[in-house]
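First, one chain by itself in structure tokens, the form predicted alone.
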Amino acid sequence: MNIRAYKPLIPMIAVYGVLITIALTVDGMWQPVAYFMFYIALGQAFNIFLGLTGYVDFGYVAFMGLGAYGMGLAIKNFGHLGLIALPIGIFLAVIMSMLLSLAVGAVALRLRGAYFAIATIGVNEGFRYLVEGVRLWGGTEGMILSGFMRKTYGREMTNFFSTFLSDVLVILIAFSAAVVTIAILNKKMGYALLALREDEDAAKVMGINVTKYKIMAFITSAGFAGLIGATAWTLKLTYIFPEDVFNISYTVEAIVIVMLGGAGTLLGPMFGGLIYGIMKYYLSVIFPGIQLLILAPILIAIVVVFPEGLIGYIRKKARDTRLSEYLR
């Protein structure tokens, strides 16, 4: 294994270390840092597909929603077995989201550009109305787990799940998604995805099975989305409502985060998620009610000034320097 290829993980570990230190040592900062880490994890997971293929999946939140339901079903049906329900929930979250991505990707990934984007929007909305219409998993009434969890695990353990364990798992998911991203970039799959992102027709001519690699990236990204839904939604909030968990705004935020930091880069989603999370959180505190009105032009200005993303711009400036080894 080429150790030098993994040098970009060093600044990432440093940033995570600073955030965790702040969360543990500064009073009242654990939840804000957990909030920032959610957006970092969302960006890292989404970047595996958007960043490496150039395809925009507007239905990405559907995988998060299925992951949330996977954890909810595990707690409901296996909670009496004790803490074993949690790994079962994580397994179900990954499997359910991956199966949906396989079904969608086998068809939608044969489309390109706006056609692919429209198809994925239809999948997200269609799955939401399926859940509501046939009253699947509680339908519009959703799944309210707080009372069941307190009865099964006790109040203190339930609070531990929602205020600490879920946040720690999100941090681990964010870092794991980054490790998977850099591993892909240094393998044959990464070179194939880079080729199809630059020119898909030329990649086909070169003998690359672009559909296979797109589906692989799609499934991998969806699996991480399922994990985020299981931990940052179900364990954190202890309830699931379809109109909330399938809200397309999460997909839009993921796109903004990836483009803000730099699509296809390793560090981009981390800094994009951190900047987006900090601005959204503190603007909502300082300017409640109009925070999004202020946030939108700021994001537009950043994207206009740095069209390749913040990390893309820094990489360009640091080219042929020692710093470039740590930027990817």
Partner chain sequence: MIVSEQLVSNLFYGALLGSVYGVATMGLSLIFGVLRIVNVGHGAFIMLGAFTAFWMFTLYSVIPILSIPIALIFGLALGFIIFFSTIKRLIDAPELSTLLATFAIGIFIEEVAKFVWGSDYVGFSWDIGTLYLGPVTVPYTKLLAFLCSAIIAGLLYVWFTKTKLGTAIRAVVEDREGAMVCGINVGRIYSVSFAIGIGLTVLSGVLVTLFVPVGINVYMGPDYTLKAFVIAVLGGLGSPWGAFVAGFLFGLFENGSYTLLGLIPGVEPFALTRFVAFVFLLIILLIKPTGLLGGE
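Here the structure is a predicted model, which means the values were calculated and not measured. Residue numbers count along the first chain shown, from 1. The term rigid core refers to the maximal set of C-alpha atoms that superpose within 1.5 Å between the two forms.
Just so it is clear, the following notes concern the form predicted in complex with the partner chain, a form of the same protein that is not shown.
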| query | At 4.5 angstroms, heavy atoms only, are 117, 123 and 293 all close to the partner chain in the predicted bound form? | reply | yes
| message | Using a 4.5 angstroms cut-off on non-hydrogen atoms, would residue 300 count as touching the partner chain in the predicted bound form? | response | yes
| Within a 4.5 Å heavy atom cut-off, is residue 81 in contact with the partner chain in the predicted bound form? | no
| Would residue 87 show up as a contact with the partner chain in the predicted bound form if we use heavy atoms at 4.5 Å? | no
| request: Give a yes or no for residue 259: in the predicted bound form, does one of its heavy atoms lie within 4.5 Å of a heavy atom belonging to the partner chain? | output: yes
| request: Within 4.5 Å of the partner chain in the predicted bound form, counting heavy atoms only, one of 130-138, 69-77, 219-227, 90-98 shows up; tell me which. | output: 130-138
| request: May I ask you to choose, among 171, 215, 182, 255, the residue with a heavy atom within 4.5 Å of the partner chain in the predicted bound form? | output: 255
| Listed by sequence position, which residues of 142-164 have a non-hydrogen atom within 4.5 angstroms of the partner chain in the predicted bound form? | none
| said: Rigid core superposed, CA of residue 56 - does it shift 2 Å or more between the shown form and the other one? | reply: no
| query | When the two forms are laid on each other by their rigid core, does residue 306 show a Cα shift of 2 Å or more between the shown form and the other one? | reply | yes
| note | Against the displayed form, residue 303 vs residue 15 by Cα, in the predicted bound form, with 3 angstroms or more change: pair is farther
